[in-house]
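Below sits a lone chain in structure tokens, taken as the form predicted alone.
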Amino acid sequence: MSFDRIDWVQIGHAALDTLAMLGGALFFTVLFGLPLGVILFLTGRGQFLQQGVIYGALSFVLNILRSVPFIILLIVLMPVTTVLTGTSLGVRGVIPPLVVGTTAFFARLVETALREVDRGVIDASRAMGGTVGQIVFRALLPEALPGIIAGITVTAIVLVDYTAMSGAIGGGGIGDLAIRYGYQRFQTEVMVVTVILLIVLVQLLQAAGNRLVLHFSRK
């Protein structure tokens, strides 16, 4: 195994592609998953906007999305991805399935974080005549913020895993490099470098998430 054969420029481009996929997918996952999680919580059993039909239907759809393995989801969504982005390959072609694959997961994490908020906070807000919007934005979300940040951290790490997996169908990034060079061309040194990069990225994400959770937990 010789590291002299490694094209470090190519490694750098692959790392940037992975970061682009991670950033783009995480942004849209939070954008869609946060309101879905709030709706799940508000319409759940025992909540002040309890709606069994809405909660049941939304849960059913989210559970279906969570049950489909990501590699299969990538393939199934290829036609949709092509319509949305003009391609099913590369960074643009992978972001839509990444968002679909993690939005349902993140929505459940948000729902769980909101359920951990002290019921007395909600009751006090309602007693003071707070509207649904005021209760959500001034009571629920601020109180659940550490849990939501922890959920974002977990989701980001899952996305790192998914971006690497997308390399199996030409998704680009570190995973694609590992498969094309490390696996198909038996360049073990490339595989080692890509694995190290993924480990470092996950460690950094977890460390950053932990610091943010600790920061907002003290407030």
Partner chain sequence: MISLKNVTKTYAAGARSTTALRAVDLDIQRGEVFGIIGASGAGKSTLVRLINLLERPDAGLVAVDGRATDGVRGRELLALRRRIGMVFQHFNLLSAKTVAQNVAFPLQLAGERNLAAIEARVAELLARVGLSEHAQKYPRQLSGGQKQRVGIARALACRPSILLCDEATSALDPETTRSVLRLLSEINRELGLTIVLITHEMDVVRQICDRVAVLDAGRVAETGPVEEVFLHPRHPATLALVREAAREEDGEVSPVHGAIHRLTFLGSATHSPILGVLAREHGVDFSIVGGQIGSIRDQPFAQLNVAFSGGDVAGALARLDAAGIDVEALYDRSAAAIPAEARIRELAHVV
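Positions refer to the first chain, counted from 1. Given the structure is predicted, the values throughout are model-derived calculations rather than measurements.
What follows is about the form predicted in complex with the partner chain, which we do not show.
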- Taking 4.5 angstroms as the cut-off for heavy atoms, does I75 touch the partner chain in the predicted complex? no
- Query: Is I71 one of the residues lying within 4.5 Å of the partner chain in the predicted complex, judged by heavy atom distances?
  - Reply: no
- Distance check, L89 to the partner chain in the predicted complex, heavy atom within 4.5 Å: no
- Message: My question is simply whether V121 lines the interface with the partner chain in the predicted complex - judged by any non-hydrogen atom within 4.5 Å.
- Response: yes
- Note on the structure: Exactly one listed stretch (76-84, 89-97, 128-136, 105-113) reaches within 4.5 angstroms of the partner chain in the predicted complex by non-hydrogen atoms, and it is 128-136
- Scan 139-169 and note down the residues that get a heavy atom within 4.5 Å of the partner chain in the predicted complex; none is a fine answer too. A139, P142, E143
